[in-house]
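As structure tokens, one chain now follows by itself in the form predicted alone.
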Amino acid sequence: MKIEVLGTGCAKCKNLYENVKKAVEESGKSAEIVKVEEIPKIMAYGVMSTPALVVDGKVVFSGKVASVAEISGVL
């Protein structure tokens, strides 16, 4: 599983990244977690507001910091 956190490095983006790490750890699943900070790569997903969360190429959250429970629900 590949999980990408899209954002330019703001506090909300960092919070989402931490929530993703916790959710993956709690789930016991194996995942590659990647931070994507380059604007062209973020825009390639059609995301206009960050932070955003992409799981296996599909945008699942955009414009908010998803909670650990919300992230666990999509893993």
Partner chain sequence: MLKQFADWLVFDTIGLVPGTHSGEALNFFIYDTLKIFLLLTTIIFVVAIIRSSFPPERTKRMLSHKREYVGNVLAALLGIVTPFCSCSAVPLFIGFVESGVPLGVTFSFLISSPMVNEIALIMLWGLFGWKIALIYISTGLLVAIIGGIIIGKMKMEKYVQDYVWEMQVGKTEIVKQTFREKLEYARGYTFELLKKIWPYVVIGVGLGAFIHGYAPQDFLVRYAGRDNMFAVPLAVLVGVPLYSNAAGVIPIVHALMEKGMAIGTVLAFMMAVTALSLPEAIILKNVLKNRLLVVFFGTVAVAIICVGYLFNAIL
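Numbering follows the first chain given and starts at 1. Bear in mind the structure is a predicted one, so any value in this text is a computation, not a measurement.
In what follows, reference is made to the form predicted in complex with its partner chain, a form of this protein that is not presented.
Remark: residue 36 does not count among the residues lining its partner chain in the predicted bound form, judged by a heavy atom distance of 4.5 Å or less. At the 4.5 Å threshold, heavy atoms of residue 31 stay clear of its partner chain in the predicted bound form, well away from it.
Its partner chain in the predicted bound form comes within 4.5 Å of a heavy atom belonging to residue 49. For the chain shown alone, residue 14 is not a contact residue for its partner chain in the predicted bound form, no non-hydrogen atom being within 4.5 angstroms. Contacts between 6-21 and its partner chain, taken as any heavy atom within 4.5 Å in the predicted bound form, involve 8, 10, 12.
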